[in-house]
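Have a look below at one chain only, the form predicted on its own, in structure tokens format.
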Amino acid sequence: MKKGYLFVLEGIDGTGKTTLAGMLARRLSEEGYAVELTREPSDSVWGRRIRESFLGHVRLDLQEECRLFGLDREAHVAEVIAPALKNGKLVVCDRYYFSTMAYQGARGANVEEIQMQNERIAPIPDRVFYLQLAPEKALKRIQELRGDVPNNFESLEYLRKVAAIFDAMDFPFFRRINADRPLAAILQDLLCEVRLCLE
């Protein structure tokens, strides 16, 4: 049986990843593909603990945060991603280990070490769509469009560090997408890249 494909949407908070992942999955499903839409942190016990820390008064220390992300990803791959790929599905994932590299790297973790540790347990994506947006604009979206108060992962200084790590990533499967445009235009770029990959 032909293996499936893994497509990942990445970028700093406020770039529209979650919305676009849903739009992409729906469109591909409408075109007749079997699609698995998923996200990280996942809904595992470790993923829920990470999500709770987003809004907590005190962020988890770096070592514990990295440990939880590793456990969550291992469970996510085993329970969701690997079975979907084995069944020939197109997996659309809202964040993956590149976010761990960028967000925990911005706190001082070794980015290359995070990559190596994750690639021992997690399949390398067919495409990563890196949604690029200036941190100032991303934070403005969070505050104005979403009506949210920035969480522990969303201060301007921190997002600048995260963006710098994302910007430095240079993988053959990375595609940089200008996220400072209407969602419909971005979706068309994503669909075009997915179709090229499937061909």
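Source: prediction; values computed, not measured. Start at 1 with the first residue shown and count on from there.
As for the form predicted in complex with a small molecule, it is not shown, yet the points below apply to it.
Using a 4.5 angstroms limit between non-hydrogen atoms, residue 69 touches the small molecule in the predicted complex. Taking non-hydrogen atoms only, residue 175 never approaches the small molecule to within 4.5 angstroms in the predicted complex. Looking at residue 36, you'd find every heavy atom of it more than 4.5 angstroms from the small molecule in the predicted complex. Using a 4.5 angstroms threshold between heavy atoms, residue 51 counts as touching the small molecule in the predicted complex. Partner contact region in the predicted complex: 36-44, out of 128-136, 36-44, 23-31, 167-175, criterion any non-hydrogen atom within 4.5 Å of the small molecule.
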